[in-house]
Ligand SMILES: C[S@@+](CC[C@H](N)C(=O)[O-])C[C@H]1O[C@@H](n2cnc3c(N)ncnc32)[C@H](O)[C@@H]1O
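So this first bit is one chain, no partners, the form predicted on its own, shown in structure tokens.
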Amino acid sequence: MALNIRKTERGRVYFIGAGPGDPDLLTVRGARILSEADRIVFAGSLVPEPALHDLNDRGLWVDSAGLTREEIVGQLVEGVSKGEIVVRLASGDPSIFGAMAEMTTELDNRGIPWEVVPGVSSVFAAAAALRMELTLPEVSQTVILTRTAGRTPMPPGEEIEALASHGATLVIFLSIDRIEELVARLATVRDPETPVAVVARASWDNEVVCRGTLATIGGEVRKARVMRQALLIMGDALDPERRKKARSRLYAADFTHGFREGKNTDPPSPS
């Protein structure tokens, strides 16, 4: 069956999630549009631009690492004004800490069409590196994605302690440079023996994985010399003993749903 492939349009901006780092994790749609683009404005400190050049060695590659928001938008607008296929290439998925709203608002004000091509977030690459789910039946069915306050403050009610108190799996971006402060705050509401992992540069060749508990992870991170481009995952879903015991009702033999009749697993009654 042939894929129903959308036509790439000139004079349009495509916000593409480049994935967590490994070029193989760029989506098929993202790779296709990237190969057709005339101008690619990319986050140089986070996107593996040299590896992606093989997809497009004729377009204009503009590193946005040293640009202001206005200069980035200016590049997008200039490309559209020339009838180009323009790509804003963001790390991970543009919908998570992607600063997309401030750019698309300006594009809307100018009547410039745009669309989003989702990407693989580093949270999922990190889970893959850990070879673990972020949810476990009867342990955690909720995942909270957040960060701590830095130059960008947190809204009221989203303090890290308040979010951690839910007991859900907690994924914390953009905060590893303050690991001691972070674990101290988490320890005020969570058991010090709660499993914690830190994954730096998930899916890259120099990926680093640190495992421990809330009480020990700070030392493991410092020992590994991890200072940036990492996220912290905390929760009982990472507990190896709980993982061994976890069982989903969906796949239980006696569970009936629209695609399978349940089987009686009760022992036969004595005759």
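As the structure is a prediction and not an experimental result, all values here were calculated from the model. Don't overthink the numbering: it's just position in the shown sequence, from 1.
Below, we refer to the form predicted together with this ligand, which is not included among the displayed structures.
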* Asked: When you measure heavy atoms, are Ser91, Arg201 and Trp204 every one within 4.5 angstroms of this ligand in the predicted bound form?
  -> yes
* To do: Look up in the predicted bound form whether Ala230 has a non-hydrogen atom within 4.5 angstroms of this ligand, and give yes or no.
  => yes
* Asked: Is Phe97 close to this ligand in the predicted bound form, meaning a heavy atom pair under 4.5 Å apart or at it?
  -> yes
* Is Ala128 close enough to touch this ligand in the predicted bound form, meaning at least one heavy atom pair within 4.5 Å? -> no
* in the predicted bound form, does Leu174 have a heavy atom within 4.5 Å of this ligand? -> yes
* With this ligand left out of view, which of Leu55, Leu46, Ile217, Val62 would have a heavy atom within 4.5 Å of it in the predicted bound form? -> Leu46
* Structure fact -> Exactly one listed stretch (152 to 160, 70 to 78, 114 to 122, 133 to 141) reaches within 4.5 angstroms of this ligand in the predicted bound form by non-hydrogen atoms, and it is 114 to 122
